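Just one chain follows, in the form predicted on its own, and it is written as structure tokens.
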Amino acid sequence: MKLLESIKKDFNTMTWVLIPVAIAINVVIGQIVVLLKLPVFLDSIGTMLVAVVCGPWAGALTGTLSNIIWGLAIDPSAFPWFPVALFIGFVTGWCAQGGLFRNTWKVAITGFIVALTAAAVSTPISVYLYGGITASGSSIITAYLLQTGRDLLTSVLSTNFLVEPVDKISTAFLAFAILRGLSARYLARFPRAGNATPEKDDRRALFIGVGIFVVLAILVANLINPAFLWIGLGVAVVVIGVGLLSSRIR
């Protein structure tokens, strides 16, 4: 009964209104990233938004439907990744219920936890369905690692554990900034609005979180190509700007 009540609590009218919007955000941004062959994904922003203010079950449903719809309507290669999207939504919602989406430092922790989950779930799919080389720009890293003599499983795992934290921490920061820009009255309409209630941000915590992102971005950039280092630093600057802006919004 408790499980059913927990699932039911995630879904009210506002949840059903937000889910299609979140799916659209995921698919549009995700498809742009695929077309540009960027070494990140950024296809879970909508999923995280729903997971935080509606709950883990609503987040899991949003992630699952996003990849299914994306795969059936636009890019068939997106379909097999729906288990990853499901876990991203569920784990984000679980972290948010634990109070890990209320300031920048905690958001970075959430992003890292989600990244580890996504890396663990996505690795078997990448290895057994695609032989380690997918449509994602991150496959450049996998190919490079394979050329250095590493075996397939190690190469894919290494790629995922490098790329996923950069992607999921960035995604979590973007979702956090969006939520901080919404009014408290609007957020109150969602079933888990308390998950997004902000704490007073510590500027030191902000830069610790961004520092983690910068270090990971530099590691990934250097593995791909030194030229990408500047792209990684540029993205980091954007994240810092978003973080500073979100920390000023009360």
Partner chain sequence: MRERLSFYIQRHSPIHRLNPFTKLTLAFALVLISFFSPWYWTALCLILLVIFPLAIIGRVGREFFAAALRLLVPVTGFIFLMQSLFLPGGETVLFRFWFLRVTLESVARAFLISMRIFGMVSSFILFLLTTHPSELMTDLTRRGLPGTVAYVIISTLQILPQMQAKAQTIIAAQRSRGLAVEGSFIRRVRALVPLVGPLVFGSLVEVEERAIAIEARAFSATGPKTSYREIDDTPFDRTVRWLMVALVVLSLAARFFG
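Computed from a predicted structure; not experimentally measured. Positions refer to the first chain, counted from 1. Rigid core (definition): largest C-alpha set, two forms, superposition within 1.5 Å.
One more form of this protein, predicted in complex with the partner chain, exists but is not displayed; see below.
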Quiz item: Could you tell me if residue 49 has a non-hydrogen atom within 4.5 Å of the partner chain in the predicted complex?
Solution: yes
Quiz item: Looking at the partner-bound form in the predicted complex, is residue 130 within 4.5 Å of the partner chain by any heavy atom?
Solution: yes
Quiz prompt | the partner chain contact in the predicted complex: residue 159, any heavy atom under 4.5 Å | solution = no
Self-check item: Contact test in the predicted complex: residue 196 vs the partner chain, heavy atoms, 4.5 Å
Solution: no
Quiz item: Counting only heavy atoms, which residues in 150-166 are within 4.5 Å of the partner chain in the predicted complex?
Solution: 152
Quiz item: Rigid core fitted, then: does residue 193 show a CA shift of 2 angstroms or greater between the shown form and the other one?
Solution: no
Exercise. State yes or no: after fitting on the rigid core, is the Cα displacement of residue 45 between the shown form and the other one at least 2 Å?
Key: no
Self-check item: C-alpha of residue 65 moved at least 2 Å between the shown form and the other one on rigid core
Solution: no
Quiz prompt | Direction of Cα pair change residue 36-residue 174 in the predicted complex, magnitude 3 angstroms or more | solution = closer
